[in-house]
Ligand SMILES: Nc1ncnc2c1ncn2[C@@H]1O[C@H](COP(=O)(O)OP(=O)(O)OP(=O)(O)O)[C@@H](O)[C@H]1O
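Presented as structure tokens, the chain that follows is alone, the form predicted on its own.
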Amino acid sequence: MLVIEELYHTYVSTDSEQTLPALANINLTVADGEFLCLIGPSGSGKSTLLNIMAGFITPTQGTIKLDNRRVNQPSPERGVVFQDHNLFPWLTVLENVAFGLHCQGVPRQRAYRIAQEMLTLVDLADYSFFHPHQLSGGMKQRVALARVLVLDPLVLLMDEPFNAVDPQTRRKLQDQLLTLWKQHRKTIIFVTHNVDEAIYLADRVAIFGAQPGHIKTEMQITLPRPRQSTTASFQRLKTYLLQLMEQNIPPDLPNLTSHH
């Protein structure tokens, strides 16, 4: 569905005297309905790649295609959820979610009806007429997710969206995202530094190395869902992925056949 070929990106300073290679030779294919996590150290270019996928940044070299169409600018078919919820503080929750529909010319009442249905899906139907400052951090992130999903994107791009919430809320948001993914089978590309989060969510992980950012390796996550982070198989896989992130030569693949 989404194909990245021989992609490079270099940042250039405003005076054009200094350059910073951010990405080198990225080749990646993402299947329709797949949940892919991008993991790796800070500064390895994961967010840069996500911004290129979104059309916010034009790569120095290489191509990205979605359904055989080249990605070269932002589009509602690629919805983005950031770390910061970026909600409009002067609008209600319902108005925030309906905003993109209004921009697309959807009539007001129909936009509000669709937005209300989406708020029901993320368990916020009772908060439609609240303002963002009246919500918890986790609730704001659910509103941000609803605001993107209401546009029915082909691909959902998520840049560490649960980083700012406490661990308990983070797990609830992860579970809710998995439920929505199972219901709608959106293609999701999710950036995270958290290996536990990647194992819990993903069908597959792409592990980034830095200086410049490149994909060191990819790995299918075959543990059956629902996944429990306390199981021995989960912990073995976590140890293995951490080793992959820290070294260039992978260790022997651990035995992951047991769920316990």
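Just so we're clear, the structure is a prediction, and the values are computed from it rather than from any experiment. In this text, residue numbers run from 1 along the sequence as written.
A second form of this protein, the form predicted in complex with the ligand, is not displayed here; the remarks below concern that form.
key: Among the candidates N194, S233, T60, S47, the residue which, in the predicted complex, approaches the ligand to within 4.5 Å (heavy atoms)   = Only one option qualifies, and that one is S47.
inquiry  = Under a 4.5 Å heavy atom criterion, is L20 part of the interface with the ligand in the predicted complex?
reply    = Within the cut-off, so yes.
request  = Classify G33 as contacting or not contacting the ligand in the predicted complex by the rule of any non-hydrogen atom within 4.5 angstroms, answering yes or no.
outcome  = Residue-level check for G33: no, no contact with the ligand.
query = With a 4.5 Å heavy atom cut-off, would you call E160 a contact of the ligand in the predicted complex?
reply = Yes.
request  = Would you check, heavy atoms only and a 4.5 Å threshold, whether S42 touches the ligand in the predicted complex?
outcome  = Taking the distances in the predicted complex, the answer for S42 is yes, it comes within 4.5 Å of the ligand.
message = Counting any heavy atom within 4.5 Å as contact, can you tell me which stretch out of 60-68, 34-42, 215-223, 196-204 lines the ligand in the predicted complex?
response = That would be 34-42.
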